[in-house]
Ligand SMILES: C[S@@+](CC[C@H](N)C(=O)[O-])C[C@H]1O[C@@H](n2cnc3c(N)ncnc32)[C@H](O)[C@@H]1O
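As a starting point, one isolated chain is supplied in structure tokens, in the form predicted on its own.
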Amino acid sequence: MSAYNALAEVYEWLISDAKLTPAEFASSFDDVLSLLPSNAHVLDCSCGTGQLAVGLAGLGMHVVATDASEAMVRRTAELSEEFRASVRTVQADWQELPDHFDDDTFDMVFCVGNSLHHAEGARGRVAALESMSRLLRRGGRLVLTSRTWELVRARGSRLDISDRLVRRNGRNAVVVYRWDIAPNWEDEHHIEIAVAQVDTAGSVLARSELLSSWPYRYEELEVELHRVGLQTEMSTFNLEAENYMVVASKV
């Protein structure tokens, strides 16, 4: 798993305007949340800075938030305290989840924010999905969002610089992605993300992190979900769209 410890301090610049607050982030999943029973038990793994977890807690759900990054878990705990939300936080990567929670614990598991590609290859990805599946009750659902990696690889190695300043916490920043696309799908890829904050005096504070990535085709993901006992109920996959969501239930 990638660390995300440097980017944790500036991660809000990577969240879209429409999902910036906990309530807005949670509302983006209204369709799947309507499937949950009252007082549902929900896990947000790869929770990032906690917007989704805190938003779910605000809806009355019992929420646990996990992340492999110590800094991300700290920021989630801070956001929970700010909103007085009841969210349990645990530092753990996907494969460690069964060490912290019993099987059949959760009604829904979220793995969102395009995080699954950080699992090391097909073997690591299946192990991560297997851990998440184990924690779901029968009939429970995994909600997963992903980049359309078919598009990412087709564009090749490149430098993407945001065409506008992103304003957060009274500061503007430029966001830069550097994509290092490996020759083969199964090879390790790299993504360097930089957030360059610019203050009113014109000084620049830049934070960046080089992340490892193992992209996957959508058809591979479908096979792997089935392999760990999950059946796809809904998918927004479209080869021409930048991102998609999959909802899969435990059979």
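Residue positions are given as counts along the sequence shown, with the first one as 1. Given the structure is predicted, the values throughout are model-derived calculations rather than measurements.
This next part talks about the form predicted together with this ligand, which is not shown.
Undergrad: Within 4.5 Å, heavy atoms only, one stretch in 219-227, 30-38, 198-206, 46-54 touches this ligand in the model of the complex. Which?
TA: Heavy atoms within 4.5 Å of this ligand in the model of the complex occur in 46-54.
Undergrad: Answer yes if any heavy atom of residue 107 is within 4.5 Å of a heavy atom of this ligand in the model of the complex; otherwise answer no.
TA: Outside the cut-off, so no.
Undergrad: Since only the chain is shown here, I'm wondering whether residue 115 would be in contact with this ligand in the model of the complex (any heavy atom pair within 4.5 Å).
TA: Flag for residue 115 set to yes.
Undergrad: Determine whether any heavy atom of residue 92 comes within 4.5 Å of a heavy atom of this ligand in the model of the complex, and answer yes or no.
TA: Residue 92: contacts this ligand in the model of the complex.
Undergrad: Does residue 69 reach this ligand in the model of the complex, with heavy atoms at most 4.5 Å apart?
TA: Contact with this ligand, yes.
Undergrad: Which of the residues spanning 23-37 lie within 4.5 Å of this ligand in the model of the complex, based on heavy atoms?
TA: Residue within 4.5 Å: 25 only.
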